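What follows are structure tokens for two forms of the same protein chain, given separately as structure 1 and structure 2.
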Structure 1
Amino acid sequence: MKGTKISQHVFRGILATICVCSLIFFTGTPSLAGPEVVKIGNIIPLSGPSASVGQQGKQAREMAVEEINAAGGIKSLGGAKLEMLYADSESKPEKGVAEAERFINTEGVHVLTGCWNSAVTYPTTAVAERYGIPFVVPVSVADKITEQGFKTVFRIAAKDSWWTRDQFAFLADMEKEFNTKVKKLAFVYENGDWGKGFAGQWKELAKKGGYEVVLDEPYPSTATDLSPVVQKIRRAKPDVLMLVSNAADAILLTNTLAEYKVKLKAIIASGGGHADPSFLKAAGKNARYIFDIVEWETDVNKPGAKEANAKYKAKYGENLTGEAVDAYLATYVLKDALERAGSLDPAKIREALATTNLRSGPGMIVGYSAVEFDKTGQNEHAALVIVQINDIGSGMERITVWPKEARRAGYTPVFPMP
């Protein structure tokens, strides 16, 4: 009798277990299920000549994601968290294309972003377009990226024709403000899509402005000796030298120009390597008086900018750069689009991105007023500032000088160089 009771007890236990297992199999386990995850594939240079700027963008993205997830994630998706997946492009177009394919077909990402190097971004966006995956471009500047007729590509920052336009507008303003005539220009630039894109625009604008181009010199950004280039600059005797460089070559060029004592009225750089924190550390006093065009600077007068920069500096030991700010903002643009899409369907995310009109919030620490994309996917409001590197008592720093209304109070630009 005792044995029978035990058998019945065991039987009832087994039966209950079977029922529970069946329930789990057919209905899932809601108590263990969490909110959805938004997978964002980031293709950026983490090694090679652009590694430094790639790392800055990665850090800025991670800071934004940390903030967004801590604030409850994407509320329209039940608190879905953003998950960043990273791939190293090595600044190589073929690597960017391969990683985009992997992210889409193997990792199942919902959105792609990157790639900083225009030469990588241009072919990689074609992969996203083919699969219908939205691609947010924080800062790759080649005009042609948003001139392909694609529907899935959205660029936050200004394109290179706007950068060069503003460089020449600045130069004309400096000539007028300081009553100093500039006649001869030298163009020296890295030989990728980024540099060639700038150079093509420079040539057109120089012709329109009546300037004489005395040197047009591309070079490989991986070069370890740029003294032949610097010797050409010295022989050409330009009034103004215009540069497009990555970090390592920006440092090398600046120090070699100082070594050869090249005399110029001004040097106007194009962000990138000259905006990289490593540039000032390595070039030191040799960088003094260089002008640089960027999307953002630490002294920009925008709500939250000072606090965001202080947070970033506390976390990573350096100031935000324009490229990092674009990556930070791009993450908030994605958050805004995802909230309005209320879906992980790439088509709905794309539609939400296309109707973006972001004018406030944590990401809007840039100098311009809004993010709103035109029919090509270009942010219509992207704008630029020009800074001068100088020591005004606290070591070398970047000081906003143009547009004049944005100039740091009490500072007068040094033009021409002494």
Structure 2
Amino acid sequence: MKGTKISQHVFRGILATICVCSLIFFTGTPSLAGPEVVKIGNIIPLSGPSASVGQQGKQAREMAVEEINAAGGIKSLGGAKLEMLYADSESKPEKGVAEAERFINTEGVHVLTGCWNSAVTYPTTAVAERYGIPFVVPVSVADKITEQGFKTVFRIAAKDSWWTRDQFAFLADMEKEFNTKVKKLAFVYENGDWGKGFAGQWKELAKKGGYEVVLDEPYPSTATDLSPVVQKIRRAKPDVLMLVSNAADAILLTNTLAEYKVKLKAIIASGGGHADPSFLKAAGKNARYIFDIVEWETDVNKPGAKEANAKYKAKYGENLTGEAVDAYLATYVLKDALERAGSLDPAKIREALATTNLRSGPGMIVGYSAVEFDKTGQNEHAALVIVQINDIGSGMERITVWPKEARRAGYTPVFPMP
């Protein structure tokens, strides 16, 4: 009995394979005759906890594809159009892996992109590597994604450890620009994974930069009174205070620092609570002159940034975000590579991506100046943007100050704080 069941199974399997193969054969042939289409498989979170970020990424991709196709597609491929296929990862690693398999085996995509959640991107890039399909990662911050020794992975945005790297690069640039020496640093951070991770990297960077760390203070994010911490900062007399805070504590800390009249040359925050939309309102005047690090800000001084943002806002009713800009740029990086590859062979596309050197064009509205991939596939020019909170006549706002070429026209950062 058992034996017949298995053979029945096998037989059915063979039958199904033949059916599928003939289907592919019959439907596959005519498309070769028509104009070529570049199939791009996008695996992003369209539902679940990161759905809103995934949606931003999808909208930005669609806007870029519309522009590219309207401008005549990929010219070296006879005007081939880009065709975007979307799969919902639901922020789940296993879903990302399954969708990558499906895209490669059933849909026959030429390129993959995604997946925003580092936990999804990490295993999914392994699938692409196995099949030799190029995988463009607009943004997924975990360092390890480009440290697997893979040949087909290309990441546009900065990785995790570059946030702290850029905070120190910014500090060094400010010291030079304003001829002010900074010696003593204080690190104050929420005592979770995030804060501790940043602080660990800060300590190393401080040692390398020859700074003296006068205070290293984790605090619970649920604290209802931060004056003891502020008293400690006041006693340590640092030049620069570096912070990692969630929302409620960022507001409390900012207000308490102002109450205790702590004299500092600068405060450098790490996004999170300081980037929360209600932070500016709740901290008000006390937030003035704080520096904060972000992926992108709507006022970056790059040609086309304002127009792209206006177009995006008209289409989708919201401002471009860092995630959206990375996805937008990634689509243009792909277009550039396809143009140079002149072929749909994944190996050729990979070669073209590896030799990318994009310095201008509609996609280059990011804060940094170029896209060039190093051996690991990481965009070596990727950098973050630093903003200063200030009121220059239209209320407290976030003004891009660093990198210098992205600085808002006509604005001089206030450093040190008066």
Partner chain sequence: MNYIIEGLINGILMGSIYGLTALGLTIIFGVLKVINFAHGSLLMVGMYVAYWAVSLSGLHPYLTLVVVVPVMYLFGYYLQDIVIKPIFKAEREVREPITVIIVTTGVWYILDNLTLLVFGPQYRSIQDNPLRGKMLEFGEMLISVPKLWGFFAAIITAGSVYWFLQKTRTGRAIRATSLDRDAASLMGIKQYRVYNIAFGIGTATAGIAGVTLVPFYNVFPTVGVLFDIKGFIIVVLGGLGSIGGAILGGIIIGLIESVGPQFMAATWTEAIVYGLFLLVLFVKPSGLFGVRYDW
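Rigid core here is just the name for the largest C-alpha set that superposes within 1.5 Å across the two forms. Computed from a prediction, not measured in an experiment: that's the story for all the values here. Sequence positions of structure 1, starting at 1, serve as the residue numbers.
Only structure 2 comes from the form predicted together with the partner chain.
Rotation of the smaller rigid part against the larger between the two structures, from C-alpha superpositions: 41 degrees. Per-residue C-alpha deviation between the two structures, core superposed: residue 386, 3.4 Å.
Superposed on the core, the two forms differ at residue 252, whose C-alpha moves 16.4 Å between the two structures.
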